[in-house]
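Below you will find one chain, with nothing else, as structure tokens; this is the form predicted on its own, and questions on how it binds or moves follow later.
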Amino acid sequence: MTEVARRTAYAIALPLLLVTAWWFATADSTSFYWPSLQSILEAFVDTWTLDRVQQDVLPSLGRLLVGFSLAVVIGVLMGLAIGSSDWLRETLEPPLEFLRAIPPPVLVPVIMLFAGIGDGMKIAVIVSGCVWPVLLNTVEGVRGIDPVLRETATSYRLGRRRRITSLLLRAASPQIVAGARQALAIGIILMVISEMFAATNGLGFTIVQFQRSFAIPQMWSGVLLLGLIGVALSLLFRLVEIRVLAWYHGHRASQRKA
């Protein structure tokens, strides 16, 4: 068995086992709130048609993409500035710690007052939660740069732009990517939460509507779809990470061999 086949078998073994257990555990279920997996899968096929995907799934993914991208840009820019300056970090650390401690869902009513109930509010909610892991990881990544590299950049008299692109961003990229991975998971959660307030479409809105109309198998099918979207986005992010951090993984592999 090749290495790829072995890893694939390990990756799908537990999910298959859990789905099988779920199938047999609910096969004879008569509970209204806990339907059988067969009923949920049948509802999944009937519910999530192409029209429903265009109406609810694509708008949700669009908001997530915009909010996540803005959070990464803001987090990286602020992280580079704060991580490069001791006095700026010491000045901003108390207010940043205060803001970071506030759960983003609590801010939804506040953001609604200023941004209304449109897409801007939902994107702002996603940004408010996703920016922190990117920001904090970028700060730590910049602060952890080898002093020898900094001195080398200084001795070569690298300009500000070259210093940012060739030293700071490159050296801090593993931490930035780790923060972005955490932010993606947070973004999916906030995408759903933001759509539960005063929305007219989206996955969160649709799942709540199913729950309020007691369409329980359809509600469970929405939860199942969210999980599948999370897995797909995680795999996509992993592919991007492998490409962006190819130099880092190659460096780690050479260190292990040595």
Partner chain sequence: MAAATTSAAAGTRLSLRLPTTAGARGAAGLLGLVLLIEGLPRLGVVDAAYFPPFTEMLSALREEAATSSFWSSLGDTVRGWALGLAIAVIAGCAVGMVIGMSSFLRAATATTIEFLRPIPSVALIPVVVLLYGTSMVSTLLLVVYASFWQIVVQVMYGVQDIDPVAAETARSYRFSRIGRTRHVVWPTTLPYAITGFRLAAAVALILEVTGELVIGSPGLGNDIALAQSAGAVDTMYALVLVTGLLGVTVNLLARAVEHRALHWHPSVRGVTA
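If you superpose the two forms and keep the largest set of C-alpha atoms that fall within 1.5 Å, you have the rigid core. A quick note: this is a predicted structure, and the numbers were derived from the prediction, not measured. Positions refer to the first chain, counted from 1.
The form predicted together with its partner chain exists for this protein as well; it is not shown, and the discussion that follows is about that form.
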Interface membership of P174, its partner chain in the predicted bound form, 4.5 Å heavy atom rule: no
Contact label in the predicted bound form: A11 to its partner chain, heavy atom within 4.5 Å: yes
Distance check, S234 to its partner chain in the predicted bound form, heavy atom within 4.5 Å: yes
Its partner chain contact at L113 in the predicted bound form, heavy atom, 4.5 Å: yes
All of G144, G159 and H251 within 4.5 Å of its partner chain in the predicted bound form, heavy atom check: no
Partner-contacting position among A199, L226, I40, L61 - heavy atom within 4.5 Å of its partner chain in the predicted bound form: L226
In the predicted bound form, the residue from V125, I188, A180, L135 that sits within 4.5 Å of its partner chain by heavy atoms: I188
Segment that reaches its partner chain in the predicted bound form - one of 165-173, 147-155, 69-77, 94-102, heavy atoms within 4.5 Å: 94-102
Its partner chain in the predicted bound form - contacting residues of 206-232, heavy atom within 4.5 Å: I207, Q211, F214, I216, M219, W220, V223, L226, G227, L228, G230, V231
Core-aligned C-alpha movement of V244 between this form and the one not shown, 2 Å or more: no
